[in-house]
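Take a look at this one chain, the form predicted alone, written out in structure tokens.
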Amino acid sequence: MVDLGDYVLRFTFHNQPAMDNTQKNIINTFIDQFGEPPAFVVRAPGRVNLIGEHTDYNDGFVLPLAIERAIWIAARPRADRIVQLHSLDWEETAVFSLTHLQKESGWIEYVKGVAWALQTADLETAGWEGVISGDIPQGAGLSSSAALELAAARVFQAVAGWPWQPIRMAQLSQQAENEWVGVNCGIMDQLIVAAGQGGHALLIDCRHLTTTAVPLPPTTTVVILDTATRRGLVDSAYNERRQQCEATAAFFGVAALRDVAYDTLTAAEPSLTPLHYRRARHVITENERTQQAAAAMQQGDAHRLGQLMNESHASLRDDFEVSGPELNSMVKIAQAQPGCYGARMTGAGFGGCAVALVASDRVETFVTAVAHQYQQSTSLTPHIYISQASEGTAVVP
């Protein structure tokens, strides 16, 4: 059983020191392996999406924030065209040639895919060696893969010396995941990881790639609720949902579901299969909710933001069907707690995390109650992270 007192202490106060320790560990390991300090250290954050799920690849709107948990790489240039990277988390060293890139398997494919995407964009790539580690839970829907991609892109940039352009690097990292790794993700994860702003979420227009920083409502805290269930995007229904959305957009003769008004959808309901109608209804209403959520945040209206988060979860559960028993249980428990303005699943779904907006003075009691009730309900031990909005990918001191 979980010691709930320790549980609250661990997740409320231990987040930032954990990141500091990760940075120290990779530097110390680098010194042990290479006999000198690294030339530089790169940090790329994970992300949590407050609202706007499965809208990014429909050219819609999303409202994520970069979180404090991150991927770190300590590195130095090499004189040849070899990349050698030791992972503390996987306890293995991967090596590949930039001259002869070949698809294989494993975590290094995200780094290799970024190298391939940079080369397709005619950007110079040069060899480097380093040590990597992170504290983003893998498979939890917090974008550990996008963080790995952007961390790698930042290292390639630092070694080669061309200008760092967050939006372009997000696009190339997305290309790496789509075409090299094989996951048809939208641009949200890579863009928020590249361009996050401390203290703010970003309203992202995924068609025009414009961003608007919006502050979290005063005296509120974002709480990430990891259900301790996992999914694999490549093997999940993610690609199937994307194909369903594209087919429905084609029915309306538009580029993406972003271009379909709700009234247009309802008028066409008799001509659509029930499944395609539900999928489109989620995307269209989720775009509306996301823009309304940004407006609520600009006004400091936590109650309205929470209401929209609750509505988003219901839509993801019933219309888009990407939730699951554990996620639904976690969200229901969170929503019932005093001080919780709203909660919803976050990420692609099929497992992973939920996110809650909680009054800052009720966070500890919220965590205690949710942890206890979720474990009683599912016999799973959740992991709960108190998070602040952090900066995007950068070379750090």
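This one's a predicted model, so the numbers in the text were calculated from it and none came from an experiment. Don't overthink the numbering: it's just position in the shown sequence, from 1.
Just so it is clear, the following notes concern the form predicted together with a small molecule, a form of the same protein that is not shown.
Note on contacts: among Tyr238, Trp107, Phe252, Tyr277, the single residue with a heavy atom within 4.5 Å of the small molecule in the model of the complex is Tyr238. Only one of Phe30, Phe366, Tyr57, Phe350 lies close to the small molecule in the model of the complex, with a heavy atom inside 4.5 Å, and it is Tyr57.
A residue is said to contact a partner when one of its heavy atoms sits within 4.5 Å of a partner heavy atom; Cys185 meets this definition for the small molecule in the model of the complex.
The small molecule is not shown here, but in the model of the complex it comes within 4.5 Å of a heavy atom of Asp189. Contact with the small molecule in the model of the complex, defined as any heavy atom within 4.5 Å, is confined among 49-57, 357-365, 325-333, 22-30 to 49-57.
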